[in-house]
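One chain comes next, on its own, written as C-alpha cells: the form predicted alone.
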C-alpha cells in the first residue's frame, strides 16, 4: 500500500498540469504506476499531453522528491486518500475536475449533508455574526459546515460550527503543514479534533493566490449546497458559486443592506434565483429534512419551558435571558439588544453567572445554562 501510494503522491505533485489533465491521465493509463513506468514515446502518444507535460513527468529530480513528500506527510500527521479509494468523497469524485489525491488532517467523514458557508474576507460585524449563528445552527442539526479557512466569513463559519457542537471542514489553498492565515493556528487545531482540514496540495506548497480559486471547486464539490453570507460584486466567494452551479449544487444567500457594497453580491444572487436564507431552517426546508425540522420544533418547546423559569428572574435578568434564547451572543450585541448600559449589563451578567444562569464563552460571548 505504501509503495502504491508513492506513485499517486508523485502524480499529484507533478507541476504544470491541472487537476483535470491529471485525472484524465490516470484514467488513460489505469494507474499512476503505469505512468511512472511509461517511456517518452508512450507519453508523447497521449493526445492531450504537451511536450512540457511529458518532460515534467519524466523529470528525475521531481521523482526523487516523492519520498521527501511522504516523510513530510508522516511528520505532520497528514493522511492521503486517492480518487480510487472507497473513502474518497463520492460527491467530490463526480465533479468535472476532482483532485486525484486528497490530503487531510483530522477525521474526513463526509457522509451526512454538508453545506459550504462562504463570503467576504473583509466582512462586516453583521456578516460575521450571521455566518457564526447560522453555522452553529447547521452544526447543531448534525450538518457538516464547509469553508475555506480564510479571514472574515470563512473563519466565522468554522467557529460557529464548533460552537454548535458539530463538525466543520476547512479546505486549504496550501499544504497542510502551513496554517494560512497564521492567526488561525488555534482554530485549525480545534477543527481537526472533530472535523478535518483538507487540501489537494502536497506539504510545503505555499498559499499562492492562484491556489485559492482552484480550491473553491473542492469547497462546493464536497457540499450539497453553498450559502453566501456576505459578498461584494467581485468577491472571490462568487467563484465558489460558479463552481456550485456547474456541479449542480443548491445556492443560498443571506440578504444584506441594499446600500452596502459588502452585500451587493449576495443581494444580486437572490435577484438571480438563489434561495434567500435567514436561518438554518431555510436550508433544511430546501432539502426536505422533516426530522430536523421536528427537532427544531422540540427546541422551541424547550425554550417555552425555559421561559417558565424566567418568572423567578428580575427584569434585567429576564431581558438578558430572552436575548440569549436565540443562542450565544457577544456582549456588544447584548448591550444593543437589551438597551442597557455596559456597566449595568456587566453587573447583571456577573450575578447571573454566580447563580449558574449564564456562562461566558471565549471572546466575551455569553450563553444560557438553563
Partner chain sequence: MGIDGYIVEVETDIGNGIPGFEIVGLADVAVKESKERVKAAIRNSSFDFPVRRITVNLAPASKKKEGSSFDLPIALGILSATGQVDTREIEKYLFIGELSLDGKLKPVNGILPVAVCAMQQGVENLILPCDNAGEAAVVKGLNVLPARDLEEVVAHLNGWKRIERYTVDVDKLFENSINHDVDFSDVKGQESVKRALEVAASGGHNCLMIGSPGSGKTMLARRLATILPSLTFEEALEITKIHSIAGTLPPNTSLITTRPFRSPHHTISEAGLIGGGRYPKPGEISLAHYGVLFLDELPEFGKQTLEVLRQPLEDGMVTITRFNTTLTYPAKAMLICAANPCKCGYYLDPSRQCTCTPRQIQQYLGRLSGPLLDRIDMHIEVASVKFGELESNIASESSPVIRERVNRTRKIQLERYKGLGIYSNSQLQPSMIKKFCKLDKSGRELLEDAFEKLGLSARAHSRILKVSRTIADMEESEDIKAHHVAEAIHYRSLDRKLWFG
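Please read all numbers here as calculations on a predicted model, not as lab measurements. Just so we're on the same page, rigid core means the largest C-alpha set that superposes within 1.5 Å between forms. Positions refer to the first chain, counted from 1.
As for the form predicted together with its partner chain, it is not shown, yet the points below apply to it.
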**Message:** Please identify, from 259-267, 244-252, 89-97, 139-147, the stretch that has a heavy atom within 4.5 Å of its partner chain in the model of the complex.
**Reply:** 259-267
**Request:** Run the contact test on 336, 354 and 361 with a 4.5 Å heavy atom cut-off to its partner chain in the model of the complex and return yes or no.
**Result:** yes
**Asked** Taking 4.5 angstroms as the cut-off for heavy atoms, does residue 74 touch its partner chain in the model of the complex?
**Response** no
**Message:** Residue-level question: is residue 332 within 4.5 Å of its partner chain in the model of the complex, judged on heavy atoms?
**Reply:** yes
**Asked** Is residue 64 a contact residue for its partner chain in the model of the complex, using a 4.5 Å heavy atom cut-off?
**Response** no
**Asked** Does its partner chain come within 4.5 Å of any heavy atom of residue 25 in the model of the complex?
**Response** no
**Asked** Of these, 107, 275, 122, 84, which has a heavy atom no more than 4.5 Å from its partner chain in the model of the complex?
**Response** 122
**Request:** Taking only heavy atoms into account, state which residues of 338-361 are within 4.5 Å of its partner chain in the model of the complex, ordered by sequence.
**Result:** 342, 343, 346, 347, 349, 350, 351, 353, 354, 360, 361
**Prompt:** Does residue 11 move its CA by 2 angstroms or more between this form and the one not shown when the core is aligned?
**Reply:** no
**Prompt:** Core-aligned, does residue 335 move its Cα 2 Å or more between this form and the one not shown?
**Reply:** yes
**Closer or farther: C-alpha pair residue 125/residue 359 in the model of the complex, relative to this form, given a change of 3 Å or more** = closer
**Prompt:** Do residue 125 and residue 360 have their C-alpha atoms closer or farther apart in the model of the complex than here, with the shift being 3 angstroms or more?
**Reply:** closer
